[in-house]
Every structure is written in C-alpha cells, then in structure tokens.
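The chain below stands alone and is given in structure tokens; this is the form predicted alone.
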Amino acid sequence: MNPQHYLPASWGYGLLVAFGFIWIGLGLWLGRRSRTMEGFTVAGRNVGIALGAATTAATWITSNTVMLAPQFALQLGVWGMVAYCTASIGLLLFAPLSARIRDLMPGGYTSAEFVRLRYGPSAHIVFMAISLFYGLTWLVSMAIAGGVLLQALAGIPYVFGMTAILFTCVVYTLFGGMFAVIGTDFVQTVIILVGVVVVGVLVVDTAPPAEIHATLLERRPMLLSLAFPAALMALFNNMLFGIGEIFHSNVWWSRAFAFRRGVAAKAYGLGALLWLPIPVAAGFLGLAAPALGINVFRADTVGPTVAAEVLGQTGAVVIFIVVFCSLASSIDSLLAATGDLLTHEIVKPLLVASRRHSPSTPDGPSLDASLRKAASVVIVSLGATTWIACAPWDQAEATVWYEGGPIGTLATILFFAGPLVGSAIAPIAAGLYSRRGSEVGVVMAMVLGTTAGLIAYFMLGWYTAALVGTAVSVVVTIFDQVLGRPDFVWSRLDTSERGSET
C-alpha cells in the first residue's frame, strides 16, 4: 500500500462533505420540475444545445478518463494515449444516429425499447442482459476508482470514500432525475475543463515535453515506438469499445430522447470536441511519470499521483475536485439511465398487466405516479447493489482492493464488458437504417460476438476482447442483412400516439 498521502485527511473529508452538499443541493433545486415520469426520465424532451453538449462531455469524462488515459500512456506509450482518445469517435458517430433516433422514436424512452420494437422479444432479452451487465460494470468500476483515489490522495478509507460518492449521486438523482443529472453535468464540465487545464499547464512547466521525450527514449523506448503490437491492438480495441458503449447504452439514448428536435446531432458533435483534449492532457501525466522518477504503486492511479507529486497540495486539491466531479457526472447518468431501463422495460409491463387484470379504483395512483415511485425504488436498489459489489468486508480485504483489487485494475474490470457492448454495434446501426434483419440473426450476432470476445479476453488479453467480439458480430450481421426480408415498417417504432399504457 502507498503510505504517502498528498492532502491532510481533514482537507479530504472537508472537500468530500462540501461537494456532497453542493451537488445534492444543486440537484434538488434543478430537479424541482421532475414531477412527471417524462420530466424525470427525459427532462421534458426540451434540452438545448448548451446543456446538451455539456452533459455529453461531462458524462464521457469519467473517472476512467482521469485514470485509464494515463494508465494507457504509462503501459502502452504514445499509441496508448492515442488509443484512449479514439473514444471520441463513438460520440461523433452517434451524432447522426441520435438525430435518427429522435425522428424515428419521438415518444421513446430507452435503447432496449428500440430493440424490442425493431427485432422482437428474444433480442430484447439478450440486449437487456448486455445493458444491465455493462451498466453495473461501469458503476462498479467508478465506485472502486473513487474509493481508491480518495484514499491515495487524502488517506480517506476506501469504503468511506466510495460510500460517500455513491450516496451523494443516489440522493440527487433520486429526487431530481434527468433535470438534475443534466444540470449538474453543466457545472461539472466547467470545473473539470478548468481543473485539467490548470494541472496540464503546471505539469508541463515542471516537466517540459522535450525532457520527457529524452528520458523515455533512454529508459523506455518502446513507449515511443509506433510498432508496439499490444498498443496497436489496444488502439482499435478501445475505439470499438467506445463505439459499442455509446451505441448500445441507454445513457446516450436517454439524452437523444431528452434533447429537443434538431439539437441531438450538434450536441453530440460538440460534446466530442469538448471531451477530446481531456485524455490527451491526462495521458501526458502517464508519460511524465518515468521522466520524473515517480514511484507508481498502482498503474491506474498514475495520473493523479503524478499531478499530486509534482504540484503538491495545490495539485492534490485540484485533482480531488476534478475526480469528484468526473465521478458524479457519470455515476448519476448511469443511475438514471439504468433505472429507466429497469422501470420502463420490466416494471412498467408488470404494472400495466396488473391494471388490466384488476379493477381500477377511482382514488388509486395513476400509472405515471406508480412508475415515478418505482423509478425511485430502482435507483436506490442500483446504488445498494453497486455498494455491495464494491465493499470489502474487513481491513485485510480492503488493502487488497486498494492495491489492485481481486479482479485487477480498472482496465481489466471495464474491458471485461468490451465484447458485450461491441457485439451490439452492428445490430443497432443496421436496425436504425435498414429494414432488413431478423430476430434470430440479431440474437446470434450478440451471443456469438460476446462469446468470441470473452474467449479472446482470457486467452489473448483485455486489449483484444472488444475487437474480436465486434468483428464476429459484424460478420453475422452482414449475413443477416443479406438473407433477411426488407419488410420492417418504421412507423412501428413511434409509440407516441399509442397511449400511456403501451
């Protein structure tokens, strides 16, 4: 365990409490309009370009960006830093898709709803399994990252820090819904961008790029090599993983439904440009570590460690705030989007069925009110499930988690979901633009892609899993498109005129 902490514990606790109250208060104030289910889940479908671009950028600036971009640079060199930057391609490609989604499904709520209406119940079940597994994996990875970083920076016990961050996000998401998520994202984006610029300028002033290049050339020349095989594999793997994350995840679909018409494509494009400099700046910290002779006790903490080591307490405070904002901006989005999936795709059909088979009472709650209550229960349950998955049960186990976790670093945790999300890219893209495609073909694409990718994960490495899974899924989808009948009717996706209980 790293015995050195860069902030006094009292400072760490003070910042944690202060920002916890700020985000909860801001979220409650912003969420005062979340009285209906539509307001709670898709912010009234009236989000403009400024908030749209900000929530896109903030949600994609996760703790994984702050921690994994430097880890990629430290372990895979320049290509590793470039590899993480390719995640912006997913946002750029989703820009036109989001406009298409908004046009085809003006009354839509979730990505799984599209799969159910477009392909059928079997594909819907497989897609839900992928989405829920991915959502929980991302939640767990960020909660772990938060606990590890707060302990590394200020000596706050892992469990306490992880719990505080989860609790804060659950509370303001619970009461504010999408209004609170998007509104806080705007503020968090400004803080993150300013913080990263400040840290980047100060680190460059301390360790000039020319000095870093010379040191790497002497001590670790492979990090500068353009023929680093693992790094090249990671580049394409990360690009496809990022595309798969965005194409399938309800985090991004819910925003497409929340943006007003004509805004979605512009918001995603601008969000991608706002996000792109962040992994470059963060990755530079990873490249600087060898040149500065900094001992990195855990690869996925190299970025914050370098910033705090070089800049002292000032840098540690800035990194603490940036990390807290990046965690909150993504955890709240995941809680809201995954809660929407469970509420609309599982709870709502059960409520509708029960109302059809039971006599209604004049003074009973409306379906909208029942769904709003159910959504709250689901969000609390997701927070509790994440906490259970992240919490060690004694100090010895906590030490193991802090030093690397029972399942490795953030990269090995997060990219385990790579084959699952990669296998959904081709079915989603084809389903939005082509009237061909069958339920059996889509199920096979997702199942075979996931299976092949997981085999690659264990046999070849985490940096190959999404690449292999996506390739297999694309091949199966092409065959399905060639053999399928072009008979799908686009109007089946528009549920806006079918009533509130469909």
Partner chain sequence: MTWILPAEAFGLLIYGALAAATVGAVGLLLLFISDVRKKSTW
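Residue numbers count along the first chain shown, from 1. What you see is a predicted model, and the numbers here were worked out from it, not measured in a lab. So that the term is clear: the rigid core is the largest set of C-alpha atoms that superpose within 1.5 Å between two forms.
Keep in mind that the form predicted together with its partner chain is not shown, yet the notes after this line are about it.
- Item | Residue stretch of 159-167, 247-255, 373-381, 212-220 approaching its partner chain in the model of the complex, non-hydrogen atom distance within 4.5 Å | Result for this chain: 212-220.
- Query: Though only this chain appears here, would A54 touch its partner chain in the model of the complex if you measure heavy atom gaps against 4.5 Å?
  - Reply: Yes, A54 lies within 4.5 Å of its partner chain in the model of the complex.
- Message: So in the model of the complex, is its partner chain close enough to R260 to count as touching (4.5 Å, heavy atoms)?
- Response: Within the cut-off, so yes.
- Message: With the partner left out here, check for me: in the model of the complex, does some heavy atom of R435 sit within 4.5 Å of its partner chain?
- Response: Contact check for R435: no, nothing within 4.5 Å of its partner chain in the model of the complex.
- Message: Can you tell me whether W387 touches its partner chain? I mean in the model of the complex, with a 4.5 angstroms heavy atom cut-off.
- Response: No, W387 is distant from the partner.
- Consider the chain as shown here, without its partner, and state which of L292, V204, L136, A391 has a heavy atom within 4.5 Å of its partner chain in the model of the complex. Comparing distances to its partner chain in the model of the complex, the residue within 4.5 Å is V204.
- Item | One residue of G183, G431, G90, G108 in contact with its partner chain, assessed in the model of the complex (non-hydrogen atom, 4.5 angstroms) | Filtering the options by heavy-atom distance leaves G183.
- Kindly confirm or deny that L28, T86 and I243 each have some heavy atom within 4.5 angstroms of its partner chain in the model of the complex. Per the other structure, none of L28, T86 and I243 touch its partner chain.
- Message: If you apply a 4.5 angstroms heavy atom cut-off, which residues in 274-289 are near its partner chain in the model of the complex?
- Response: Residues within 4.5 Å: L274, P277, V280, A281, F284, L287.
- Query: Taking the rigid core as the frame, does P290 move its C-alpha by 2 Å or more between this form and the one not shown?
  - Reply: Yes: P290 shifts by at least 2 Å between this form and the one not shown.
- Query: After the core is overlaid between this form and the one not shown, has the C-alpha of L93 moved by 2 angstroms or more?
  - Reply: Moves: no, less than 2 Å.
- Message: Superposing on the rigid core, is the Cα displacement of L117 between this form and the one not shown 2 Å or more?
- Response: No; that C-alpha moves by less than 2 Å between this form and the one not shown.
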